[in-house]
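Just the one chain here, the form predicted on its own, laid out as structure tokens.
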């Protein structure tokens, strides 16, 4: 049974979720999420797509006051680090493709594909990803990390919680302080909790200024 706390008896419409999401920087310190609740949010977030379904995302959840205090100067003393219920460190696993056997094997067990097809896909995936140049592999991982991060923020909003994506931190100090292997690429930090003050509204460029059908305009 789900332990996630809904703010309303019915789930909000998707349009309400995407329009209601804000980058929140001030959090109610009295609101905390259990580890089971955080795991449930992540379970929904990881339904996001990824290249070859390799799911290279990994999550380091910082939810103790002591460790948030340690993280705060690494994130340039941004207040949301200490105020939020938790900070999710989104990482990309450069060796994530080694889980291809497990991923495709489970797909075969569930009847999503024949066993022989699963084995073929797994071997081909490991061969292709294992031979990619570092830059190409990292590009894929950053893309997949962005997809799961956005989905996590929308999932949180759908369940009545707030987030802010954070690129302002010292990646080298983060890896050193939390003993994160060089195997993992820091993608971003995401503060998670309940807003003490709503995120301010923002504007977007008109679609006609940024979307082009079939051909790009001449460069100015």
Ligand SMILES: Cc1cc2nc3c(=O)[nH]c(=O)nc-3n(C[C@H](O)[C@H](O)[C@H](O)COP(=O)(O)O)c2cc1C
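The structure displayed is predicted, hence computed values, not measured ones. Residue numbers count along the first chain shown, from 1.
Below: the form predicted in complex with the ligand, not depicted.
Legend entry - 4.5 Å heavy atom contact, residue 49 and the ligand in the model of the complex: Although the ligand is absent here, residue 49 would stay clear of it in the model of the complex, with no heavy atoms inside 4.5 Å.
Inset, instruction - Would you check, heavy atoms only and a 4.5 Å threshold, whether residue 125 touches the ligand in the model of the complex? - result: No.
Inset, instruction - Indicate whether the ligand has at least one heavy atom within 4.5 Å of a heavy atom of residue 202 in the model of the complex. - result: Close contact exists here: in the model of the complex, residue 202 approaches the ligand to within 4.5 Å, heavy atoms only.
Inset, instruction - Answer for residue 165 alone: is it within 4.5 Å of the ligand in the model of the complex, judged on heavy atom distances? - result: Answer yes; at least one heavy atom of residue 165 falls within 4.5 Å of the ligand in the model of the complex.
Legend entry - Partner-facing stretch of 64-72, 41-49, 165-173, 27-35, counted where any non-hydrogen atom is within 4.5 angstroms of the ligand in the model of the complex: One stretch meets the cut-off, namely 165-173.
Legend entry - Sequence-ordered residues of 78-105 touching the ligand in the model of the complex, heavy atom within 4.5 Å: Read in sequence order, the residues that approach the ligand (within 4.5 Å, in the model of the complex) are 78, 80.
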